[in-house]
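Only one chain is given next, in structure tokens, and it is the form predicted alone.
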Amino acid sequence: MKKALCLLLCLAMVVSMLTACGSSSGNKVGVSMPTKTLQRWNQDGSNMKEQLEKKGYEVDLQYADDDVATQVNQIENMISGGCKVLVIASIEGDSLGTVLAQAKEKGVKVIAYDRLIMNTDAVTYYATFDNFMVGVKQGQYIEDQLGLKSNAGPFNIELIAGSPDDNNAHIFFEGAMSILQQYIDNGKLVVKSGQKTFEQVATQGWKTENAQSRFEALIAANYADGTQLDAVMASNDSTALGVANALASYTGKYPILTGQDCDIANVKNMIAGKQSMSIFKDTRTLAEKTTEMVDAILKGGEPPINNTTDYDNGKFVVPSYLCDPVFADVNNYQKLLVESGYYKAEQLQ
């Protein structure tokens, strides 16, 4: 009996030691994602969890159902639960100051993930894509497809931006307008609805149904008489999907329609000719760089940083890593999305 007991105790010690080694000395990482309703956040969350676990970290992954109070509560639980680093894609960039002050007080480092967290000094780093360049590429696509550099025009265009409480939405729009505004000013592009400012074209919550409702009204008021709509600058795929749904009642030539994220439904629309392009932001790359940040923080190293000038959150300029976005369309989606292993071919059928 004593020998058996000793054997069991020895085995328990070995298991305990192996567990400690496998969890990077007990380091725990909290990953807070805004919602499961958009495909991309499911991918971001699963990519982060997979890559962190490969490095031996314990991961507390939570989705907040687009509810700020829920996200705050989840982050509080992550802090009290022993997380050493928090990776947070915020629902509203201005709503986390109080809970992140708790994190700072306890020495918990915070990485803002793809959405800059505003007006707090508790953010340590920011990992994202070059969001201004996302908008630039959308604007350039429209510029190229309509031949605006060669004095073609005038063309009718409408604009649809993202959620006003998301700092990135403003940056995407500014990037696109850095290309398109000159053509609006010189008359080559005409916004027939007259809705040109971010405030006029923003889409609360990035929700497809909000984009669809606005665009159905816009088409009825401005294009029901047969007026040609030549292009729609939509900041992301959920808004582009709303536009595509609204265009079911439009009888003219199908307009150029931009997007972002390469969601499955939108790639299918590209293949079917109902969306022209989408910005591809490989979330595997973003998760990889964010994991490198986490690993460096917890091991006392230097995280990867390539921008220390552009992302002021109202308190300070947050050291950032920017990944490069590229655009996908019907001509290159196969290589970018299928051959790279991002999607399986059958998912796009």
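Counting begins at 1, following the sequence as shown. Since this is a predicted model, take the numbers as computed values, not measurements.
FYI, the form predicted together with a small molecule isn't displayed, but the following is about it.
Colleague: With the small molecule left out here, work out from 289 to 297, 306 to 314, 57 to 65, 36 to 44 which stretch has heavy atoms within 4.5 Å of it in the predicted bound form.
Modeller: Partner-contacting stretch among the options: 36 to 44.
Colleague: Any chance all of 206, 260 and 281 sit within 4.5 Å of the small molecule in the predicted bound form, going by non-hydrogen atoms?
Modeller: Each of the three qualifies.
Colleague: Report the residue, out of 120, 266, 276, 168, that has at least one non-hydrogen atom within 4.5 angstroms of the small molecule in the predicted bound form.
Modeller: None of the other options qualify; the answer is 168.
Colleague: Which residue among 188, 196, 115, 109 has a heavy atom within 4.5 angstroms of the small molecule in the predicted bound form?
Modeller: Checked against the cut-off, the match is 115.
Colleague: Heavy atoms within 4.5 Å of the small molecule in the predicted bound form: does residue 215 have any?
Modeller: Although the small molecule is absent here, residue 215 would stay clear of it in the predicted bound form, with no heavy atoms inside 4.5 Å.
Colleague: Taking the small molecule as it sits in the predicted bound form, is residue 138 in contact with it (heavy atom to heavy atom, 4.5 Å or less)?
Modeller: Result no; residue 138 lies far from the small molecule in the predicted bound form.
Colleague: With heavy atoms only and a cut-off of 4.5 Å, decide whether residue 172 touches the small molecule in the predicted bound form.
Modeller: Looking in the predicted bound form, residue contacts with the small molecule include residue 172, since a heavy atom lies within 4.5 Å.
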